[in-house]
Each structure stands twice: as structure tokens, then as C-alpha cells.
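Take a look at this single chain, the form predicted alone, given in C-alpha cells.
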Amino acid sequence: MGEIRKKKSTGSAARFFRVFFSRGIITKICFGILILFVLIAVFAPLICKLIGFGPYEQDLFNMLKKPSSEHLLGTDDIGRDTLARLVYGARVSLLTGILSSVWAAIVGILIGLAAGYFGGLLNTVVMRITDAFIAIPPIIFTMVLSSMVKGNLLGLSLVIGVSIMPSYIRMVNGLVGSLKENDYVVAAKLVRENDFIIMLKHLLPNCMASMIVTFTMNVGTAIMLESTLSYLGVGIAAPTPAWGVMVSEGYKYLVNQPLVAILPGVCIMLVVISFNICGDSLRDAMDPRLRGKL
């Protein structure tokens, strides 16, 4: 019996990865890019030790230097090593994106779950407020609130989380609205099972696949928002080596040393596109309707 379960589990995992990578080489490249940036973020201190420069170290005798054996990607306007700042920028951007998405998912899922399950006036009020939030462009909304947190990474993560929270509320609310009419939920109500238990035991697990996909795609959205806010001067405050800050500081020197602005911009583009494409592939792998298996 245990061997049968093991074979079934192995087969399910193989099928998942086969569908996940079914889009071809583009998914494999994007998945590899994400793994690479995660490793860079995790081992940033070790990488900077190997480089020989930290993200804050200034060398005023080597400002805006071209790539060389000493500074592999050159230096910025105050002599800081571009590669070292890019490495730590990966840590800042990924941390902000993941923190934003985690707290938005926790709060948004709970609100959507309760509103969808209980319905009535609660559902009407929650969804009208959610619609109002969705109507406001995220960049405008976050710009207004980010001025209150003054470049703090945790505070900025909370602000960005608020802007992406409506996607979780609407998604979970719609799923719960249909799932709560299923026989197993009706049966649980008939035996007077606690509403809180019904929501967590019967409804939440059936929303998990869609939540994971939404989370993956929202990480990319959060990274883009953080980079945009930092570029505009209302996000992560300098001298923190965030990619958006690097683009903002380096665009003035596109003629003298274009790599200072171009490289962090390329990093932002690669990470955001990779999250979106991997999110699409994850949806294909986790949604049985898209695999043709109802």
C-alpha cells in the first residue's frame, strides 16, 4: 500500500513538472533566473567578500570608472562598486516583494474568506471597498502612503501589500462563493460544525492552488512597485542599494557610465518577467481545468 502511494506521489510530481515546463525553453530560462537571483540574495555577503568591495564602500579616486579587473562592472558617481550594489539590490528587492505579498495574502485571504462565506451585508461592504481600491492606480496609491513611511523597508512592504491585497480578496471571495454550496460544506453545517473550522478545513484548502499562483505573480508586481517608488524618490531611501535607487542615481550618467543605470534596470526587468512567466506556468500545472483534467 505504501509503495502504491509512493508511486502515485512520484507520478503526480513528474506530471506537475512536465506541465510546468511545457511552455518550452522560456519557462526553464525564467525559472533559472529566479533561482539565480534568490541565491545571489541569500549569499550576498559572501559574494561581496569575493568581489572585495561592499555596497557602501566609496572610492572617490575611482568615480564613474568603466569595468575593469578591479571593479568588474565599474563604479558609480561616488566610487561605489556597481556589482556589489547590484548583489545587495537583489536582496532588498526580493525581500520587499516577498514581505509585501506575504502580508497581503494573509490579510486579503482572511477578509475574502469571511466575506464570501457569511455573505450578506458583510460581503457587500467588503467588495464595494475592494472595488474602490482596485479603481485607484497602484502607483498613485502607494506614492501617497509611502511618503508616511520615509524609506523604511518594512513600512514600504506594508504599503505595497495594501495595494495588492484587493487581488486576494476578490479571488478568494469568488471561489468561496461557489465552494460553500458544495455538499461537503452543507453537510458540515448540518452537523453544526463551527463556521471557523468549516472555513479553514473545507474551504481554504480548495483555494490553495489559485492563491499560490496569485502570490507568485504578485511578488513580481510588488518588486516593480518598489523599484518605481525608489526611482521616484519615495521608496527605499538612499544609500540603500535598491535597484530603483540605483536607476534613479545613475540615469544622469548614461553618457559617461551607462552600466550604473542600465544594469539595475535589466535586473528589474528580468525578475519581474520571470515571476510572471513562472506564475503562468504554475497556474497551468496546478489548475486541472487547464490540463484538460476535470
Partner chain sequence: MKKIVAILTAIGLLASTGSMITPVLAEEAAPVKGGTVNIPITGDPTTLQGWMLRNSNENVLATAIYETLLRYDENGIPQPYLCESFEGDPEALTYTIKLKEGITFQDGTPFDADAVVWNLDYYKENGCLSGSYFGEYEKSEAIDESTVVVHLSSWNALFNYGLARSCYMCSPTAVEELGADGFNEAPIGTGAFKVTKWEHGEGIYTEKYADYWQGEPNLDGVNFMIYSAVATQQAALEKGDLDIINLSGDAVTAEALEAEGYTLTNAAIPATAYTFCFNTQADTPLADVRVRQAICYAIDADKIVSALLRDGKFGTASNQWAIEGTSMYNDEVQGYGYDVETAKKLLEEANYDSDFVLKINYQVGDFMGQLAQICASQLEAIGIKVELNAIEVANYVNYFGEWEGILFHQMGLQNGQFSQISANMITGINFGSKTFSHRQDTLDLIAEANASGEETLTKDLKEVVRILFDETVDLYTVAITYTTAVTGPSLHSDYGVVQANRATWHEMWKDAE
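Numbering follows the first chain given and starts at 1. Because the structure is predicted, anything quoted here is derived from the model rather than measured.
The next section is about a form of this same protein that is not shown, the form predicted together with the partner chain.
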query: Heavy atom of K252 within 4.5 Å of the partner chain in the predicted bound form; finding: yes
query: Exercise: M63 in contact with the partner chain in the predicted bound form, heavy atom 4.5 Å; finding: yes
query: Interface membership of L36, the partner chain in the predicted bound form, 4.5 Å heavy atom rule; finding: no
query: Close approach of G265 to the partner chain in the predicted bound form, 4.5 Å, heavy atom; finding: no
query: Stretch from 92 to 100, 70 to 78, 122 to 130, 107 to 115 whose residues place a heavy atom within 4.5 Å of the partner chain in the predicted bound form; finding: 70 to 78
query: Contact residue in the predicted bound form, chosen from I29, A238, V42, M269 - any heavy atom within 4.5 Å of the partner chain; finding: A238
query: Full three-residue contact with the partner chain in the predicted bound form, heavy atom 4.5 Å, for Q58, K150 and N256; finding: yes
